[in-house]
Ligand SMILES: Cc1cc2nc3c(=O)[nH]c(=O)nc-3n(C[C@H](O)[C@H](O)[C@H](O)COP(=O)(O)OP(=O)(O)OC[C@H]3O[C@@H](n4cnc5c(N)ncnc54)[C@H](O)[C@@H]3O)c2cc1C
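Coming up is one lone chain in structure tokens, specifically the form predicted on its own.
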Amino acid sequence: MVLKNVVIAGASVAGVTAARELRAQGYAGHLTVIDRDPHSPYRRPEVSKALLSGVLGLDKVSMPWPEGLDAERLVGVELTGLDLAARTVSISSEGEAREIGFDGLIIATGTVSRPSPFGEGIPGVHSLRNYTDSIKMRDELVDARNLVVVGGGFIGLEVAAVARALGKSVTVVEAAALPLERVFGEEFSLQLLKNHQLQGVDVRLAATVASLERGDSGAVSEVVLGDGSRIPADVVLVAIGSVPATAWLAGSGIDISQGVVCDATCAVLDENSDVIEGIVAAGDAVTWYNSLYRRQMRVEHWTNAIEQGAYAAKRLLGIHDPDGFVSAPYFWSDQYGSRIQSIGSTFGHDEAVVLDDDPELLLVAYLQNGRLVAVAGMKAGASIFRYRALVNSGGSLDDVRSHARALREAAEAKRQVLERTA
């Protein structure tokens, strides 16, 4: 099929990367990029980091629109539906609805915050997914004394670190026994916990929130836990995860049971698990079969969105790798000046092995059935990337330990040379 009219739904990093790749590969037809966020595109990881702290403004985190892209941009526009038979997407802008036709569609709508169990519209209570969320919360933090974070995941812990740097009293309420233990295991999660406690964060573990109480002004004033204890709160962040932004696809015939469900090549599947010709997907909303891990995966990381956006564009053009999109996802998080990094997927690991006992850093290998599936590091710097090949090949524990030993010996030899020449 010769494509003459491609629509990209979503203008964050996956969508913009896909648009750029289409043009780079010679697509010369009409290109329309649609996004609900009026500020797109920008570096969304900064929403819980430099934007929230006030260190950077939108001008510093915006991604310049690619030169020469020759695309029709529709931002601040809601996607409201998809008609597979008519090959149209429905949009709404300022109360006006219309349909846009396509012969090729790339879905890259990302995620939205999981709905708060405490209801909506309570002053002082926030979720955090985009620029508008970040600026609203930043402004309220200026005069706040007490922040309560409900949820000790990546976003929650990053915000806790930012708020402590701003001098706020911070309490994190986490339902699990350790923050991010399901992801990282006990050793790594204990170090994360210690880092926050050393910075003065009150971390309440194995704790649940019973209710949010309002003060005389109507704004939140206290968080009441399941055990009856009360925590003063001027600002509350509900950081209990995200869900794929697929509401606009309901009733379309696309399988949205686990996000936008795709095959190994990012081709979108219908409710009968058949490939829908001319529709692909990329980014945080996508569940696809990753042959490296031999299972369906959905990944919410920046680098995965970039790589998958480029692959999805090639898939739409029919010039993709037929073996599918294979990814050992990489992510990073900054907390108190310490960079936390991971390559691969720790999901389902049955063994976690500390590779380096240097007190200045932490490096952990994660294995499943004796096969390396991920490596995570804290203050590990660029050394974590030296394990990428072993993650991709599924190396054994002996391979990993041998590799770690060789890296330590090389680092020591380099140190000795530097000392002799100093």
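Predicted model, so just to flag it, every value in this text is computed and none were measured. Numbering starts at 1 and runs along the sequence shown.
Absent from the display: the form predicted together with the named molecule. The rest refers to it.
(request) Go through E222, D263, E300, E307 and name the one with a heavy atom inside 4.5 Å of the named molecule in the model of the complex. (result) Exactly one residue meets the criterion: E300.
(request) Counting only non-hydrogen atoms, choose the one of 109-117, 345-353, 177-185, 164-172 that falls within 4.5 Å of the named molecule in the model of the complex. (result) Careful reading of the contacts points to 109-117.
(request) Give a yes/no on whether N146 approaches the named molecule to within 4.5 Å in the model of the complex, heavy atoms considered. (result) Answer no; every heavy atom of N146 is more than 4.5 Å from the named molecule in the model of the complex.
(request) Would you please decide whether A312 lies within 4.5 angstroms of the named molecule in the model of the complex, comparing each non-hydrogen atom pair? (result) It does not: once the named molecule is placed as it appears in the model of the complex, A312 has no heavy atom within 4.5 Å of it.
(request) Mark Y336 yes when one of its heavy atoms lies within 4.5 Å of a heavy atom of the named molecule in the model of the complex, and no otherwise. (result) So Y336 does not count as contacting the named molecule.
(message) Against the named molecule in the model of the complex, would E78 count as a contact residue? Criterion: heavy atoms within 4.5 Å.
(response) Result yes; E78 sits at the interface with the named molecule in the model of the complex.
(message) Just to make sure I understand: among 244-276, which residues lie within 4.5 Å of the named molecule in the model of the complex, judging by heavy atoms?
(response) The stretch 244-276, when checked against the named molecule in the model of the complex, contributes A245, W248 at the 4.5 Å heavy-atom cut-off.
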